[in-house]
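Heads up, what comes next is one protein chain in two forms, each shown on its own as C-alpha coordinates, labelled structure 1 and structure 2.
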Structure 1
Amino acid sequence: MLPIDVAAHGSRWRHRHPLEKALLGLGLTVTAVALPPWPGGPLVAAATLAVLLGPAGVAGRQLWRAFRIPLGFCVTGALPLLFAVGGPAGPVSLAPDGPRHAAELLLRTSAASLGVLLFAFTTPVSDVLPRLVRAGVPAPVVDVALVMYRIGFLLLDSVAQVRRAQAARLGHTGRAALWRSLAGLAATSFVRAFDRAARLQEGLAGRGYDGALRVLVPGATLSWRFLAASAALLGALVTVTLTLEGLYL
(Lines of atoms letter the chains of each structure in order from A and count residues from 1; the text may use other names and numbers.)
(Lines give C-alpha, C1' and ligand atoms only; values in the text may rest on other atoms or scores of the structure.)
Protein backbone atom coordinates (compact mmCIF):
# COMPACT_ATOMS: atom_id res chain seq x y z
CA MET A 1 0.00 0.00 0.00
CA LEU A 2 1.02 3.59 -0.51
CA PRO A 3 2.04 5.53 2.62
CA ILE A 4 -0.99 7.81 2.32
CA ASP A 5 -3.30 4.75 2.25
CA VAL A 6 -1.56 3.30 5.29
CA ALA A 7 -2.00 6.61 7.10
CA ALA A 8 -5.69 6.76 6.11
CA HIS A 9 -6.37 3.26 7.45
CA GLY A 10 -4.65 4.13 10.75
CA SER A 11 -6.10 7.63 11.09
CA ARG A 12 -7.85 8.79 14.24
CA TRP A 13 -10.79 9.71 12.02
CA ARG A 14 -10.84 6.31 10.28
CA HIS A 15 -14.27 5.40 11.68
CA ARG A 16 -15.93 8.74 11.04
CA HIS A 17 -18.46 8.95 8.23
CA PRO A 18 -16.72 9.82 4.94
CA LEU A 19 -19.30 12.55 4.27
CA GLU A 20 -18.15 14.45 7.35
CA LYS A 21 -14.54 14.46 6.20
CA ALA A 22 -15.52 15.18 2.60
CA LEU A 23 -17.51 18.25 3.63
CA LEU A 24 -14.64 19.52 5.77
CA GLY A 25 -11.91 18.86 3.20
CA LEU A 26 -13.97 20.09 0.25
CA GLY A 27 -15.11 23.10 2.26
CA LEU A 28 -11.52 24.08 3.01
CA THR A 29 -10.57 23.57 -0.64
CA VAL A 30 -13.45 25.71 -1.93
CA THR A 31 -12.72 28.35 0.70
CA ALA A 32 -9.08 28.52 -0.38
CA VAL A 33 -10.11 28.99 -4.02
CA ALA A 34 -13.01 31.39 -3.46
CA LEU A 35 -11.54 33.73 -0.84
CA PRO A 36 -8.99 36.43 -1.67
CA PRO A 37 -5.54 34.83 -1.83
CA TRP A 38 -4.28 37.27 0.78
CA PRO A 39 -4.94 36.78 3.61
CA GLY A 40 -7.29 33.88 2.74
CA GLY A 41 -4.63 31.49 1.47
CA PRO A 42 -2.37 31.59 4.56
CA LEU A 43 -5.34 31.46 6.93
CA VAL A 44 -6.90 28.43 5.23
CA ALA A 45 -3.52 26.69 5.00
CA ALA A 46 -2.81 27.33 8.69
CA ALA A 47 -6.24 26.07 9.73
CA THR A 48 -5.91 22.95 7.57
CA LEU A 49 -2.44 22.21 8.94
CA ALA A 50 -3.75 22.63 12.49
CA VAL A 51 -6.52 20.10 11.81
CA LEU A 52 -4.19 17.66 10.06
CA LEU A 53 -1.47 17.72 12.70
CA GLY A 54 -3.87 18.06 15.63
CA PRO A 55 -7.24 16.27 15.72
CA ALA A 56 -6.57 14.17 12.60
CA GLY A 57 -3.23 12.98 14.01
CA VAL A 58 -1.25 13.01 10.75
CA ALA A 59 2.51 12.83 11.22
CA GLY A 60 4.37 15.89 9.98
CA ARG A 61 6.89 13.87 7.98
CA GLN A 62 4.16 11.90 6.22
CA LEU A 63 2.29 15.08 5.42
CA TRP A 64 5.36 16.74 3.93
CA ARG A 65 6.21 13.72 1.80
CA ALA A 66 2.71 13.77 0.34
CA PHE A 67 2.41 17.56 0.08
CA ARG A 68 5.69 18.22 -1.72
CA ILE A 69 4.41 16.61 -4.94
CA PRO A 70 1.33 18.86 -5.38
CA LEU A 71 3.42 21.77 -4.10
CA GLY A 72 5.81 21.18 -6.98
CA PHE A 73 2.91 21.39 -9.44
CA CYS A 74 1.73 24.60 -7.74
CA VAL A 75 5.16 26.19 -8.10
CA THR A 76 5.46 25.01 -11.71
CA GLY A 77 2.06 26.49 -12.53
CA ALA A 78 2.91 29.84 -10.89
CA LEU A 79 6.29 30.37 -12.55
CA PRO A 80 4.94 31.17 -16.07
CA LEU A 81 2.97 34.08 -14.61
CA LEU A 82 6.27 35.85 -13.95
CA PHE A 83 6.91 36.32 -17.66
CA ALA A 84 5.18 38.02 -20.57
CA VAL A 85 5.52 36.82 -24.17
CA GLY A 86 5.74 39.47 -26.89
CA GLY A 87 5.27 43.21 -26.57
CA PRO A 88 7.62 46.18 -26.72
CA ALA A 89 9.96 44.70 -24.07
CA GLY A 90 10.96 41.81 -26.33
CA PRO A 91 9.95 38.24 -27.08
CA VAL A 92 10.12 37.28 -23.39
CA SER A 93 10.15 39.73 -20.52
CA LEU A 94 9.15 40.00 -16.89
CA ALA A 95 5.43 40.65 -16.50
CA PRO A 96 4.63 43.91 -14.66
CA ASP A 97 2.28 42.22 -12.17
CA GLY A 98 3.86 38.79 -12.55
CA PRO A 99 5.16 38.33 -8.99
CA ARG A 100 1.80 39.33 -7.49
CA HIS A 101 -0.20 37.00 -9.75
CA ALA A 102 2.26 34.14 -9.21
CA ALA A 103 2.12 34.57 -5.42
CA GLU A 104 -1.68 34.69 -5.45
CA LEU A 105 -1.91 31.51 -7.52
CA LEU A 106 0.64 29.75 -5.31
CA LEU A 107 -1.24 30.71 -2.14
CA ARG A 108 -4.57 29.52 -3.52
CA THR A 109 -3.39 26.22 -4.99
CA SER A 110 -1.17 25.20 -2.07
CA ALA A 111 -3.94 25.87 0.47
CA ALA A 112 -6.47 24.00 -1.70
CA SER A 113 -4.08 21.05 -1.99
CA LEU A 114 -3.92 20.78 1.80
CA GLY A 115 -7.71 20.56 1.91
CA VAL A 116 -7.64 17.62 -0.51
CA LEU A 117 -4.89 15.95 1.53
CA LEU A 118 -7.02 16.29 4.65
CA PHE A 119 -9.63 14.05 3.08
CA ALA A 120 -7.04 11.67 1.60
CA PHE A 121 -5.14 11.20 4.88
CA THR A 122 -8.29 10.41 6.88
CA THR A 123 -10.48 8.43 4.46
CA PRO A 124 -9.46 5.16 2.77
CA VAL A 125 -10.66 4.72 -0.79
CA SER A 126 -12.29 1.43 0.21
CA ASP A 127 -14.63 3.38 2.50
CA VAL A 128 -15.67 5.84 -0.19
CA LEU A 129 -16.24 3.83 -3.36
CA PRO A 130 -18.93 1.40 -2.06
CA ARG A 131 -20.93 4.33 -0.69
CA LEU A 132 -21.02 6.03 -4.07
CA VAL A 133 -23.67 3.54 -5.22
CA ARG A 134 -26.01 4.84 -2.54
CA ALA A 135 -25.26 8.37 -3.75
CA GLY A 136 -26.56 7.51 -7.21
CA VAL A 137 -23.36 6.58 -9.06
CA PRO A 138 -23.99 3.59 -11.39
CA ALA A 139 -22.81 0.33 -9.85
CA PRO A 140 -20.70 -0.72 -12.91
CA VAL A 141 -18.72 2.53 -12.66
CA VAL A 142 -17.99 1.89 -8.98
CA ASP A 143 -17.04 -1.74 -9.71
CA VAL A 144 -14.55 -0.65 -12.37
CA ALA A 145 -13.05 1.87 -9.96
CA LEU A 146 -12.69 -0.80 -7.25
CA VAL A 147 -11.02 -3.24 -9.64
CA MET A 148 -8.66 -0.57 -11.02
CA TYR A 149 -7.78 0.45 -7.47
CA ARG A 150 -6.85 -3.15 -6.72
CA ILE A 151 -4.94 -3.60 -9.98
CA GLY A 152 -2.95 -0.43 -9.27
CA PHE A 153 -1.56 -1.98 -6.09
CA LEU A 154 -0.85 -5.23 -7.91
CA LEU A 155 1.15 -3.29 -10.49
CA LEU A 156 3.13 -1.43 -7.82
CA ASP A 157 3.84 -4.72 -6.05
CA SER A 158 5.08 -6.29 -9.30
CA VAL A 159 7.36 -3.32 -9.98
CA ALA A 160 8.82 -3.54 -6.47
CA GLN A 161 9.49 -7.29 -6.80
CA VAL A 162 11.20 -6.90 -10.18
CA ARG A 163 13.36 -4.02 -8.93
CA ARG A 164 14.50 -6.06 -5.93
CA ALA A 165 15.35 -8.99 -8.17
CA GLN A 166 17.33 -6.75 -10.55
CA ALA A 167 19.24 -5.13 -7.69
CA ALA A 168 20.11 -8.57 -6.29
CA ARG A 169 21.56 -9.49 -9.70
CA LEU A 170 23.66 -6.29 -9.89
CA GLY A 171 21.37 -4.80 -12.48
CA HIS A 172 21.95 -1.24 -11.22
CA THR A 173 25.75 -1.17 -11.19
CA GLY A 174 26.27 1.00 -14.29
CA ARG A 175 24.46 3.26 -16.71
CA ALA A 176 24.17 0.61 -19.40
CA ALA A 177 22.99 -2.00 -16.92
CA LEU A 178 20.53 0.50 -15.47
CA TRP A 179 18.96 1.18 -18.87
CA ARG A 180 18.72 -2.55 -19.60
CA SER A 181 17.12 -3.10 -16.20
CA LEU A 182 14.68 -0.27 -16.82
CA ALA A 183 13.58 -1.77 -20.13
CA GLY A 184 13.24 -5.20 -18.53
CA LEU A 185 11.32 -3.69 -15.63
CA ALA A 186 8.77 -2.09 -17.96
CA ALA A 187 8.30 -5.26 -20.03
CA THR A 188 8.11 -7.64 -17.09
CA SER A 189 5.78 -5.44 -15.05
CA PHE A 190 3.46 -5.07 -18.05
CA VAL A 191 3.23 -8.84 -18.53
CA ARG A 192 2.85 -9.51 -14.79
CA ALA A 193 0.12 -6.90 -14.46
CA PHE A 194 -1.91 -8.51 -17.25
CA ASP A 195 -1.36 -11.97 -15.77
CA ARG A 196 -2.48 -10.93 -12.30
CA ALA A 197 -5.44 -9.04 -13.72
CA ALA A 198 -6.49 -12.19 -15.59
CA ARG A 199 -6.20 -14.22 -12.40
CA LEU A 200 -8.27 -11.61 -10.60
CA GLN A 201 -10.97 -11.93 -13.25
CA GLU A 202 -10.90 -15.72 -12.99
CA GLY A 203 -11.19 -15.47 -9.22
CA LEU A 204 -14.24 -13.23 -9.51
CA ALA A 205 -15.83 -15.57 -12.02
CA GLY A 206 -15.17 -18.53 -9.72
CA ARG A 207 -16.98 -16.75 -6.90
CA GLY A 208 -20.11 -16.19 -8.94
CA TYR A 209 -19.51 -12.63 -10.13
CA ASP A 210 -22.75 -11.42 -11.71
CA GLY A 211 -21.82 -7.85 -12.62
CA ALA A 212 -21.85 -6.31 -9.14
CA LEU A 213 -19.18 -6.38 -6.45
CA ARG A 214 -20.81 -6.67 -3.05
CA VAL A 215 -18.57 -5.60 -0.19
CA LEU A 216 -19.18 -4.96 3.47
CA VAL A 217 -19.19 -1.26 4.29
CA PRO A 218 -18.18 -0.29 7.85
CA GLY A 219 -21.08 1.27 9.69
CA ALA A 220 -20.79 4.96 10.50
CA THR A 221 -23.24 7.61 11.59
CA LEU A 222 -23.08 11.31 10.88
CA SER A 223 -21.93 13.42 13.82
CA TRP A 224 -23.81 16.69 13.89
CA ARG A 225 -21.29 18.08 16.36
CA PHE A 226 -18.50 17.43 13.87
CA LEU A 227 -20.52 19.02 11.05
CA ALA A 228 -21.32 22.02 13.22
CA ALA A 229 -17.65 22.42 14.18
CA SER A 230 -16.65 22.20 10.50
CA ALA A 231 -19.22 24.84 9.55
CA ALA A 232 -18.02 27.07 12.38
CA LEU A 233 -14.41 26.74 11.22
CA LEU A 234 -15.28 27.59 7.63
CA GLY A 235 -17.46 30.51 8.73
CA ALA A 236 -14.67 31.84 10.95
CA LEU A 237 -12.18 31.64 8.08
CA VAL A 238 -14.50 33.57 5.77
CA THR A 239 -15.25 36.20 8.40
CA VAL A 240 -11.63 36.77 9.43
CA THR A 241 -10.43 36.88 5.82
CA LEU A 242 -13.02 39.42 4.71
CA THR A 243 -12.42 41.51 7.84
CA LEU A 244 -8.66 41.60 7.33
CA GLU A 245 -9.09 42.33 3.65
CA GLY A 246 -11.26 45.33 4.53
CA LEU A 247 -8.58 46.60 6.91
CA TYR A 248 -5.90 46.30 4.23
CA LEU A 249 -8.07 48.13 1.70
Structure 2
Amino acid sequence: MLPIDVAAHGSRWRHRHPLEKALLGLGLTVTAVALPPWPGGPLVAAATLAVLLGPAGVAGRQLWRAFRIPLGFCVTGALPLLFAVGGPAGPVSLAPDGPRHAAELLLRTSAASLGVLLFAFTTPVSDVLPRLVRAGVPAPVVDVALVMYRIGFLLLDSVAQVRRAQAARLGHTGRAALWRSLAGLAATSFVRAFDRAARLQEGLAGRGYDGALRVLVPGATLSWRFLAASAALLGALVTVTLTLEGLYL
Protein backbone atom coordinates (compact mmCIF):
# COMPACT_ATOMS: atom_id res chain seq x y z
CA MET A 1 0.00 0.00 0.00
CA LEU A 2 1.04 3.59 -0.44
CA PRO A 3 2.14 5.59 2.63
CA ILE A 4 -0.80 8.04 2.58
CA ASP A 5 -3.35 5.21 2.40
CA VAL A 6 -1.56 3.29 5.17
CA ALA A 7 -1.73 6.43 7.35
CA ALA A 8 -5.42 6.90 6.46
CA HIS A 9 -6.26 3.33 7.54
CA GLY A 10 -4.60 3.94 10.91
CA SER A 11 -5.89 7.48 11.32
CA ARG A 12 -7.56 8.73 14.49
CA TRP A 13 -10.44 9.91 12.29
CA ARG A 14 -10.63 6.65 10.31
CA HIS A 15 -14.14 5.84 11.57
CA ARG A 16 -15.59 9.28 11.00
CA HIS A 17 -18.02 9.58 8.10
CA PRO A 18 -16.13 10.48 4.86
CA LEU A 19 -18.60 13.29 4.21
CA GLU A 20 -17.51 15.05 7.41
CA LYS A 21 -13.86 14.87 6.39
CA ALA A 22 -14.70 15.88 2.82
CA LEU A 23 -16.53 18.97 4.07
CA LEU A 24 -13.56 19.96 6.23
CA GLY A 25 -10.61 18.98 4.00
CA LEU A 26 -12.04 19.85 0.62
CA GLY A 27 -13.80 22.87 2.12
CA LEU A 28 -10.39 24.17 3.23
CA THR A 29 -9.04 23.52 -0.28
CA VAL A 30 -11.87 25.39 -1.96
CA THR A 31 -11.52 28.22 0.57
CA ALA A 32 -7.79 28.46 -0.17
CA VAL A 33 -8.45 28.64 -3.92
CA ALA A 34 -11.38 31.04 -3.71
CA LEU A 35 -10.06 33.53 -1.13
CA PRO A 36 -7.43 36.17 -1.93
CA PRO A 37 -4.00 34.48 -1.50
CA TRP A 38 -2.93 37.16 0.95
CA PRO A 39 -3.92 36.92 3.75
CA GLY A 40 -6.17 33.92 2.90
CA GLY A 41 -3.36 31.47 2.00
CA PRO A 42 -1.38 31.69 5.26
CA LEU A 43 -4.57 31.69 7.37
CA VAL A 44 -6.01 28.59 5.66
CA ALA A 45 -2.61 26.84 5.72
CA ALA A 46 -2.16 27.57 9.44
CA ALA A 47 -5.67 26.34 10.27
CA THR A 48 -5.22 23.18 8.18
CA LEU A 49 -1.83 22.44 9.73
CA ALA A 50 -3.31 22.91 13.20
CA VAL A 51 -6.11 20.41 12.41
CA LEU A 52 -3.72 17.95 10.73
CA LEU A 53 -1.15 17.89 13.52
CA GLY A 54 -3.67 18.35 16.33
CA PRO A 55 -7.09 16.64 16.32
CA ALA A 56 -6.40 14.53 13.19
CA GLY A 57 -3.15 13.22 14.72
CA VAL A 58 -1.10 13.06 11.51
CA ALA A 59 2.63 12.62 12.19
CA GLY A 60 4.66 15.69 11.18
CA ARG A 61 7.31 13.66 9.33
CA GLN A 62 4.71 11.75 7.32
CA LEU A 63 2.96 14.98 6.44
CA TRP A 64 6.21 16.62 5.29
CA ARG A 65 7.10 13.60 3.12
CA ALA A 66 3.75 13.85 1.35
CA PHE A 67 3.66 17.65 1.23
CA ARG A 68 7.13 18.18 -0.24
CA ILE A 69 6.00 16.56 -3.52
CA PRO A 70 3.28 19.12 -4.40
CA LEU A 71 5.45 21.86 -2.89
CA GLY A 72 8.26 21.01 -5.34
CA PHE A 73 5.82 21.16 -8.26
CA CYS A 74 4.45 24.49 -7.01
CA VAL A 75 7.91 26.07 -6.70
CA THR A 76 8.90 24.85 -10.18
CA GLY A 77 5.58 26.03 -11.60
CA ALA A 78 5.85 29.47 -10.00
CA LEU A 79 9.31 30.22 -11.44
CA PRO A 80 8.08 31.13 -14.98
CA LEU A 81 5.91 33.87 -13.45
CA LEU A 82 9.09 35.75 -12.49
CA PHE A 83 9.88 36.40 -16.14
CA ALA A 84 8.19 38.30 -18.98
CA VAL A 85 8.60 37.44 -22.65
CA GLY A 86 8.84 40.16 -25.33
CA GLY A 87 8.04 43.84 -24.79
CA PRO A 88 10.34 46.87 -24.61
CA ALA A 89 12.63 45.31 -21.96
CA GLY A 90 13.93 42.64 -24.36
CA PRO A 91 13.06 39.08 -25.35
CA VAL A 92 13.20 37.86 -21.73
CA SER A 93 13.13 40.18 -18.71
CA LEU A 94 12.09 40.13 -15.09
CA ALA A 95 8.33 40.62 -14.78
CA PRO A 96 7.51 43.76 -12.77
CA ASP A 97 4.96 42.01 -10.52
CA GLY A 98 6.53 38.57 -10.97
CA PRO A 99 7.70 37.95 -7.39
CA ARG A 100 4.31 39.00 -5.99
CA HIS A 101 2.40 36.74 -8.41
CA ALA A 102 4.75 33.82 -7.74
CA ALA A 103 4.45 34.28 -3.96
CA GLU A 104 0.64 34.45 -4.19
CA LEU A 105 0.57 31.30 -6.28
CA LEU A 106 2.80 29.49 -3.78
CA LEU A 107 0.59 30.55 -0.88
CA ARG A 108 -2.56 29.41 -2.68
CA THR A 109 -1.22 26.05 -3.86
CA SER A 110 0.42 25.24 -0.50
CA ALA A 111 -2.77 25.94 1.44
CA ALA A 112 -4.95 24.07 -1.09
CA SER A 113 -2.61 21.04 -1.09
CA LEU A 114 -2.75 20.82 2.71
CA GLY A 115 -6.55 20.69 2.56
CA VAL A 116 -6.47 17.69 0.20
CA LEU A 117 -3.82 16.05 2.37
CA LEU A 118 -6.11 16.44 5.40
CA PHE A 119 -8.78 14.46 3.57
CA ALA A 120 -6.32 11.91 2.13
CA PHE A 121 -4.52 11.28 5.46
CA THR A 122 -7.77 10.58 7.33
CA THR A 123 -9.94 8.83 4.71
CA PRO A 124 -8.93 5.57 3.00
CA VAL A 125 -9.93 5.47 -0.67
CA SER A 126 -11.72 2.17 0.04
CA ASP A 127 -14.15 4.07 2.33
CA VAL A 128 -14.91 6.68 -0.31
CA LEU A 129 -15.40 4.59 -3.47
CA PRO A 130 -18.46 2.50 -2.47
CA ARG A 131 -20.22 5.65 -1.25
CA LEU A 132 -19.83 7.34 -4.64
CA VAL A 133 -22.76 5.29 -5.97
CA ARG A 134 -25.06 7.24 -3.61
CA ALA A 135 -23.55 10.45 -5.00
CA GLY A 136 -24.74 9.50 -8.50
CA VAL A 137 -21.64 7.88 -10.00
CA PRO A 138 -22.74 4.83 -12.08
CA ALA A 139 -22.20 1.57 -10.17
CA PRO A 140 -20.14 -0.06 -12.99
CA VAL A 141 -17.68 2.88 -12.93
CA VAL A 142 -17.32 2.54 -9.15
CA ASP A 143 -16.82 -1.23 -9.51
CA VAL A 144 -14.06 -0.67 -12.08
CA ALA A 145 -12.44 1.89 -9.74
CA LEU A 146 -12.60 -0.60 -6.86
CA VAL A 147 -10.90 -3.30 -8.96
CA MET A 148 -8.29 -0.75 -10.08
CA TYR A 149 -7.62 0.16 -6.45
CA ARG A 150 -7.23 -3.48 -5.33
CA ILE A 151 -5.19 -4.72 -8.30
CA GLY A 152 -3.15 -1.50 -8.42
CA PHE A 153 -1.49 -2.19 -5.06
CA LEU A 154 -0.76 -5.82 -5.96
CA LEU A 155 0.74 -4.70 -9.26
CA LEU A 156 2.88 -2.03 -7.58
CA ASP A 157 4.26 -4.70 -5.20
CA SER A 158 4.89 -7.02 -8.11
CA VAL A 159 6.61 -4.23 -10.09
CA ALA A 160 8.88 -3.50 -7.10
CA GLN A 161 9.84 -7.19 -6.87
CA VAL A 162 10.53 -7.48 -10.61
CA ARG A 163 12.61 -4.28 -10.46
CA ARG A 164 14.72 -5.70 -7.61
CA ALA A 165 15.19 -8.95 -9.53
CA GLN A 166 16.23 -7.03 -12.67
CA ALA A 167 18.73 -4.98 -10.67
CA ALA A 168 20.17 -8.17 -9.11
CA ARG A 169 20.67 -9.56 -12.63
CA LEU A 170 22.53 -6.40 -13.71
CA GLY A 171 19.54 -5.17 -15.64
CA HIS A 172 20.16 -1.56 -14.66
CA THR A 173 23.87 -1.34 -15.46
CA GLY A 174 23.75 0.40 -18.84
CA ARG A 175 21.30 2.56 -20.77
CA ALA A 176 20.38 -0.26 -23.20
CA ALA A 177 19.90 -2.74 -20.36
CA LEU A 178 17.79 -0.19 -18.49
CA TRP A 179 15.48 0.28 -21.49
CA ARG A 180 15.13 -3.49 -21.94
CA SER A 181 14.37 -3.90 -18.24
CA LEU A 182 11.79 -1.09 -18.29
CA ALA A 183 10.01 -2.53 -21.30
CA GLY A 184 10.03 -5.96 -19.64
CA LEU A 185 8.66 -4.42 -16.46
CA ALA A 186 5.76 -2.71 -18.25
CA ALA A 187 4.95 -5.85 -20.28
CA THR A 188 5.08 -8.01 -17.15
CA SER A 189 2.66 -5.62 -15.42
CA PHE A 190 0.26 -5.93 -18.36
CA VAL A 191 0.43 -9.73 -18.37
CA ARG A 192 0.05 -9.97 -14.58
CA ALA A 193 -2.86 -7.48 -14.54
CA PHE A 194 -4.76 -9.51 -17.11
CA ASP A 195 -3.83 -12.79 -15.43
CA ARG A 196 -5.12 -11.52 -12.08
CA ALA A 197 -8.32 -10.27 -13.73
CA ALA A 198 -8.87 -13.71 -15.33
CA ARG A 199 -8.29 -15.51 -12.01
CA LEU A 200 -10.54 -13.07 -10.13
CA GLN A 201 -13.22 -13.63 -12.73
CA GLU A 202 -13.01 -17.42 -12.33
CA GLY A 203 -13.17 -17.10 -8.55
CA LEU A 204 -16.15 -14.75 -8.66
CA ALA A 205 -17.94 -16.90 -11.26
CA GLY A 206 -17.70 -19.79 -8.80
CA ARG A 207 -19.47 -17.63 -6.22
CA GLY A 208 -22.36 -16.65 -8.49
CA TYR A 209 -20.99 -13.33 -9.80
CA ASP A 210 -23.84 -11.39 -11.41
CA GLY A 211 -21.97 -8.26 -12.44
CA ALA A 212 -22.12 -6.32 -9.17
CA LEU A 213 -19.19 -6.25 -6.75
CA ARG A 214 -20.77 -6.01 -3.32
CA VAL A 215 -18.42 -4.83 -0.60
CA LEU A 216 -18.99 -4.17 3.08
CA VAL A 217 -18.95 -0.45 3.76
CA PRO A 218 -17.92 0.37 7.34
CA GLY A 219 -20.88 1.98 9.04
CA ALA A 220 -20.46 5.59 10.14
CA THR A 221 -22.97 8.16 11.29
CA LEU A 222 -22.73 11.82 10.52
CA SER A 223 -21.74 13.94 13.49
CA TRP A 224 -23.62 17.22 13.32
CA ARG A 225 -21.24 18.70 15.89
CA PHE A 226 -18.29 17.93 13.62
CA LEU A 227 -20.09 19.34 10.59
CA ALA A 228 -21.07 22.49 12.50
CA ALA A 229 -17.51 22.96 13.80
CA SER A 230 -16.12 22.52 10.26
CA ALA A 231 -18.61 25.04 8.84
CA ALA A 232 -17.75 27.46 11.67
CA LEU A 233 -14.02 27.12 10.95
CA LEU A 234 -14.54 27.73 7.22
CA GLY A 235 -16.85 30.67 7.93
CA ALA A 236 -14.35 32.17 10.37
CA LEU A 237 -11.52 31.85 7.83
CA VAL A 238 -13.58 33.62 5.17
CA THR A 239 -14.64 36.40 7.54
CA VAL A 240 -11.16 37.01 8.97
CA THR A 241 -9.56 37.00 5.52
CA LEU A 242 -12.04 39.45 4.03
CA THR A 243 -11.87 41.69 7.12
CA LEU A 244 -8.07 41.77 7.09
CA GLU A 245 -8.04 42.39 3.36
CA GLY A 246 -10.46 45.29 3.79
CA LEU A 247 -8.45 46.77 6.66
CA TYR A 248 -4.93 46.59 5.31
CA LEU A 249 -5.05 46.20 1.54
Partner chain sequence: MHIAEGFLPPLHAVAWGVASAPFVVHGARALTREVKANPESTLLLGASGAFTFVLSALKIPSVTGSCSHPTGTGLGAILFRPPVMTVLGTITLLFQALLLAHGGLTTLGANAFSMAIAGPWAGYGVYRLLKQFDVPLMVTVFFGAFFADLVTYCVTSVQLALAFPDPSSGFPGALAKFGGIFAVTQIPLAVSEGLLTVLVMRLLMQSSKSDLVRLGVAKLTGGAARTEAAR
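Numbering for residues begins at 1 and runs along the sequence of structure 1. Superpose the two forms; the largest set of C-alphas matching within 1.5 Å is the rigid core. The structure displayed is predicted, hence computed values, not measured ones.
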Form predicted alone - which displayed structure it is: 1
Residue 193 C-alpha moves between structures 1 and 2 by 2 Å or more, core aligned: yes
CA of residue 131, rigid core aligned, shift of 2 Å or more between structures 1 and 2: no
Core-aligned C-alpha movement of residue 80 between structures 1 and 2, 2 Å or more: no
Cα displacement of residue 175 between structures 1 and 2, core-superposed (Å): 8.3
Residue 165 CA shift between structures 1 and 2 in angstrom, with the core used for superposition: 3.5
